[in-house]
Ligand SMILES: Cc1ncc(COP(=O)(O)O)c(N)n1
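Coming up is one lone chain in structure tokens, specifically the form predicted alone.
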């Protein structure tokens, strides 16, 4: 019997490009490939970017974004999707409109706001739109500490602050929350997870002394998306994604003169059958 059409797990990244190859759609597709799913993409914006920073970017037209969504939904069977860089309020709304129009599986929202080099990737006026319109659609939302502070309008310094912020984010309608602690200054990177059923837990890993962390958030959310597309439950997907990113940072590669990219094949090498 012929293999069923579209039986293979398929994912979708909805984000901006990174011409330097370390973040955005480029990191998403590399990660999803390593997690053994097929990745499609809807490009929202194109950046001129490298490890030193973002030199320029331009968001695409509504017509072209809509047509990308229609093309993907009209042929592929997307089992999970994620958002990354969405540029501004107008483009957040374009993406929300399409997410409501098509069945693209569970949604992981990586609320990208600032590039590693400090360049803004989400306009200030878009933050309220993300909270009001995008987060209620999210199966999982994965802000880092600065993003969580912007979304909740609170200062996050302690573990108790992270728990309080997660509850605020879940009040927006997002089902599962993962607040990442990579921007902290402790010896260990500690993330807080609050699941839809009320279960909560912490994930910790040693902090690696490196500047080669460009695309960390993209990689984490992409690994999570891939695991969900393969049928993993949310907690298992989060744990695998955390381990994947930890390996990708720990086993560094020397690329670029600034905030270098992760080693996206490190986890596979560590877990290969010898």
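On a predicted model such as this, the values are computed, not experimentally measured, just so you know. Numbering follows the first chain given and starts at 1.
The following text describes the form predicted together with this ligand, which does not appear among the structures shown.
- For the chain shown alone, residue 114 is a contact residue for this ligand in the predicted bound form, at least one non-hydrogen atom being within 4.5 angstroms.
- In the predicted bound form, this ligand lies farther than 4.5 Å from every heavy atom of residue 68.
- Contact check for residue 17: a heavy atom falls within 4.5 Å of this ligand in the predicted bound form.
- Contact check for residue 35: every heavy atom lies farther than 4.5 Å from this ligand in the predicted bound form.
- Site residues 24, 121 and 213 are all in contact with this ligand in the predicted bound form, judged by any heavy atom within 4.5 Å.
- Residue heavy atoms within 4.5 Å of this ligand in the predicted bound form occur in exactly one stretch of 58-66, 228-236, 213-221, 36-44, and that stretch is 213-221.
- None of 80, 130, 140, 85 but one reaches within 4.5 angstroms of this ligand in the predicted bound form through a heavy atom, and that residue is 85.
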